[in-house]
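This document opens with one chain alone, in structure tokens, the form predicted on its own.
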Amino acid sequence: MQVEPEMLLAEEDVRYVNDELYEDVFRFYRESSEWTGPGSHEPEPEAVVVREARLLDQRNYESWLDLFLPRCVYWVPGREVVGDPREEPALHFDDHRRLVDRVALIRTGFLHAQTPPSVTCRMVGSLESGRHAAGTCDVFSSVLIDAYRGGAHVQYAGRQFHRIAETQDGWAIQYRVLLLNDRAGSQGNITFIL
């Protein structure tokens, strides 16, 4: 895959994964995990979460990347009790640059753990959302990912939290935190994007 110039961050933006970012995404997770929500339905931000699932199932990774802000985090904690991401192992903790790298690796055709590629079907449900005055909206949902590869089905279930930010071009993902139900157990081949 040829990386387009707009996919690259300016050199000064590359090192934004710092203590402030870790504290902010961990604070977002703590607030999100305790949120009970008003049960409101706000279709635009929720539609981003549903669109994300569809694009991943279609393996349309370039369009999926376009859903994210340049300063974003995709976090899949790896412990039962989720702790500070600076101190705890994670299945994934990716900034935008790492997401671009993951897509580029998949597109090379040399990712042997994905030859042939997994066929996935995501079911997103129980969506709730709450807007903030600062132009962001938190969307909470359940997700079931069925992955088929090499004659075998594997399922991943969990809860996911998205912080969606309003931009001039619409809504974009700032943070995505995916809590797999069995995150502390062996996950097997998760070389596709969850």
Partner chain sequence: MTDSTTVERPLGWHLEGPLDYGALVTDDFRVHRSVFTDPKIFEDEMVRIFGGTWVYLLHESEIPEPFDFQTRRVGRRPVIVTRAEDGEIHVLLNRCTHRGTLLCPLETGNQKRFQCAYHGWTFSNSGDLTAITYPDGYREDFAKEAYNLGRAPRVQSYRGFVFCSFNPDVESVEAWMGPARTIFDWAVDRAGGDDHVKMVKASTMEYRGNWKLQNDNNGDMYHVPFTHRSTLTMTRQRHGAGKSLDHFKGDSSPMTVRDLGNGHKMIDQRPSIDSVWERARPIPGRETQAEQLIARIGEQRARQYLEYVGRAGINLILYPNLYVGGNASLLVYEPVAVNRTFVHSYIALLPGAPPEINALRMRFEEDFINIGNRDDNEVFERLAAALGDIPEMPWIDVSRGWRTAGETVEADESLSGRVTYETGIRASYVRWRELMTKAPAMAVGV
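What you see is a predicted model; the values in this text were computed from it and never measured. Residue numbers count along the first chain shown, from 1.
Just so you know, the form predicted in complex with the partner chain exists too; it's not on screen, but the next bit is about it.
Residues L111, T115 and Q187 are all found to lie within 4.5 Å of the partner chain in the predicted complex, as judged by heavy atom distances.
None of R149, R54, R131, R159 but one reaches within 4.5 angstroms of the partner chain in the predicted complex through a heavy atom, and that residue is R149. Not displayed here, the partner chain is kept clear of C121 by more than 4.5 Å at the level of heavy atoms in the predicted complex. The partner chain is not drawn, but in the predicted complex it has a heavy atom within 4.5 Å of A104.
Although the partner is absent from this view, A90 contacts the partner chain in the predicted complex, with a non-hydrogen atom inside 4.5 angstroms. Within 4.5 angstroms of the partner chain in the predicted complex, the stretch 74 to 88 places a non-hydrogen atom from each of R79, P85, R86, E87, E88, taken in sequence order.
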